[in-house]
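The chain below stands alone and is given in structure tokens; this is the form predicted on its own.
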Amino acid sequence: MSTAVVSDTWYMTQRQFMAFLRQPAYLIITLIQPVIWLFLFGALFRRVVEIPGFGSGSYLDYLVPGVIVMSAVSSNMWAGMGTLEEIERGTLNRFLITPVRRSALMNANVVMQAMTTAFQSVIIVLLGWIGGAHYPGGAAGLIVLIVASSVLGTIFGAFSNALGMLVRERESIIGINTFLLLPLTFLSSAFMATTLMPHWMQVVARFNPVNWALEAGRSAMSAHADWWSVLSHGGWLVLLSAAAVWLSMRTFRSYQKSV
């Protein structure tokens, strides 16, 4: 990647960041929603750990990675709405006649979403710690979890951007996101150990990128980190994120040809 592309991407990311800060209500909701999940689900399912075979001493310890990953998925799924809004306003078309690199226009949105996801993840980690969660893997394990959630956010952010340029309808984006969010979350180990799931759910979870992020994060956060699991699941996440970014760029080129 050339220096010019990096520079343009960073400039456009700053623009996205300033637009994000100008929406205090959205910023507050973005932070409050994971807090509700953390303490609501933590209180509701805290006795799940008593089920034989669950394998965790504290449900809050188990839940923190699940909330971080669910937050990454839910917030990044709506990235395409921002892209669609820029298309409708004509902002994106105006940028097409500037010298800014075309890849920077799309990458900035993805980078912004990844940074937001990382910030949310840190907040959830701190709130979990205040609530009594333990992190045996230390700083290294937490860094892996935050990076994994950010890469997962990149996957869904890039996919949402591609979707926004393809369908160009808010209703379609809302419908698809609503359809995918809960199945992707509950067909993973976000709230329940996979060993206690029906067999068919265990099979689906193996191919679910949401579960890859959870497996990588939890493996790194355990007292005896399984780095092979971290590398294997993290590798699949990186490959899928590269494919999602490529798809986003391909749909953007198709959009360019249509204007």
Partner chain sequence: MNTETRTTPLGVVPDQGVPDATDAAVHAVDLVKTYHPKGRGKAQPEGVRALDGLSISVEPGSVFGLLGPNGAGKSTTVKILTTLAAADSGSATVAGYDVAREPDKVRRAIGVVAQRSGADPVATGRDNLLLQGRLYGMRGPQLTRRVDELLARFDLADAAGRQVKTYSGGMLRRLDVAIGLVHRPQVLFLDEPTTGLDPEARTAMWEEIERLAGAEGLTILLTTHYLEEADKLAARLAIVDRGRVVVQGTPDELKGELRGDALAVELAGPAADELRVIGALGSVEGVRDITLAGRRVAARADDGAAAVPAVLAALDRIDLGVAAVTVSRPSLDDVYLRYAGRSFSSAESTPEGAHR
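Positions refer to the first chain, counted from 1. It should be emphasised that the depicted structure is a prediction, and the values quoted were computed from it without experimental measurement.
Only in words, not in the display: the form predicted in complex with its partner chain, which the text now covers.
Figure note: of the listed segments 115-123, 132-140, 84-92, 178-186, the one touching its partner chain in the predicted complex, with heavy atoms no more than 4.5 Å away, is 84-92.
Using a 4.5 Å cutoff between non-hydrogen atoms, A19 counts as a contact of its partner chain in the predicted complex.
The shortest heavy atom separation between A244 and its partner chain in the predicted complex exceeds 4.5 Å. Though the partner is left out of this view, I174 does not reach within 4.5 Å of its partner chain in the predicted complex, counting heavy atoms only. L127 falls outside the set of residues with a heavy atom inside 4.5 Å of its partner chain in the predicted complex. Along 238-257, a non-hydrogen atom within 4.5 Å of its partner chain in the predicted complex is carried by Q256, K257, in order along the sequence.
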